[in-house]
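The form predicted on its own is given below as one chain in structure tokens.
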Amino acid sequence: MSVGLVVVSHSRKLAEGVCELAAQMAADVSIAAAGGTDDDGIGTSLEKIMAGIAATDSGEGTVLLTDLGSAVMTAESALEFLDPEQQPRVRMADAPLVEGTVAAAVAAQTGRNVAEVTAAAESAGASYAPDGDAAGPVSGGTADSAPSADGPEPAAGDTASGAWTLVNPMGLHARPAAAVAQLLADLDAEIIINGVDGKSVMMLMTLGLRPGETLSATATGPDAARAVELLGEQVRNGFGEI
């Protein structure tokens, strides 16, 4: 069982589309769409949100992700209607709808608890600078890409590094980025990939690495060598796409 997600949007189609996207990266996570009014018009529905929570909370908790202001208000009302026993494990993330849902889904897929899944969703919004530019590189990097000044501090311990040419047809798009983040999530190492945090699916997606470009990594910590080994296997195998 994992933490579930409820996508709350004014549009039924938008909520369903976000769920479909996130499910591509987190097949084992229960994700419910709560979009539109009860008659599928533009707006929000308390009943749909309550049903989404009931469908996704397996006992590990549920995180709500919302689009516009009134969706937040309706979601807050839903939280108030929960039983006191359930309230502590159902949270609402202050996060962008699409990016937050994707980041939360990846975190839930790796077995994170409800607080960690919420934090992952909210960190997706912090992945972008106020002017709208990504905090990390946004185009294809090279083996010489340096870690971002705002990136994670290296952990103490052993260091390992590697560089590989992307051979899959679409490069480091959303699904491989999610696979890499999940692969590295539980390893005791900090890993920097082309200047960004290798455990952050959103930061990996900002790289925009294309086929034929170089993915380079430096890992520090007890599991550094294992992290680089696993990452190298994934890249050489084309993330299972070839």
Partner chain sequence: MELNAAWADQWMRLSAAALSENRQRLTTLDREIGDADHGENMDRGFGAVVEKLDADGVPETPGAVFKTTAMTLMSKVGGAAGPLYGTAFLRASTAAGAAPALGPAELVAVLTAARDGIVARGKAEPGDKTMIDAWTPAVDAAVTAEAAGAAPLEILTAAANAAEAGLAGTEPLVARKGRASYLGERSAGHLDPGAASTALILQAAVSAAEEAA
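Quantities reported herein were computed from a predicted structural model and do not represent experimental measurements. Numbering follows the first chain given and starts at 1.
Not on display, but discussed next: the form predicted in complex with its partner chain.
Residue in contact with its partner chain in the predicted complex (any heavy atom within 4.5 Å), chosen from T206, S200, S45, T56: S45. Only one of 159-167, 70-78, 115-123, 94-102 places residue heavy atoms within 4.5 angstroms of its partner chain in the predicted complex, namely 70-78. Using a 4.5 angstroms threshold between heavy atoms, S216 stays clear of its partner chain in the predicted complex. When its partner chain is considered in the predicted complex, D38 lines it closely, a heavy atom lying within 4.5 Å. Along 94-109, not one residue places a heavy atom within 4.5 Å of its partner chain in the predicted complex.
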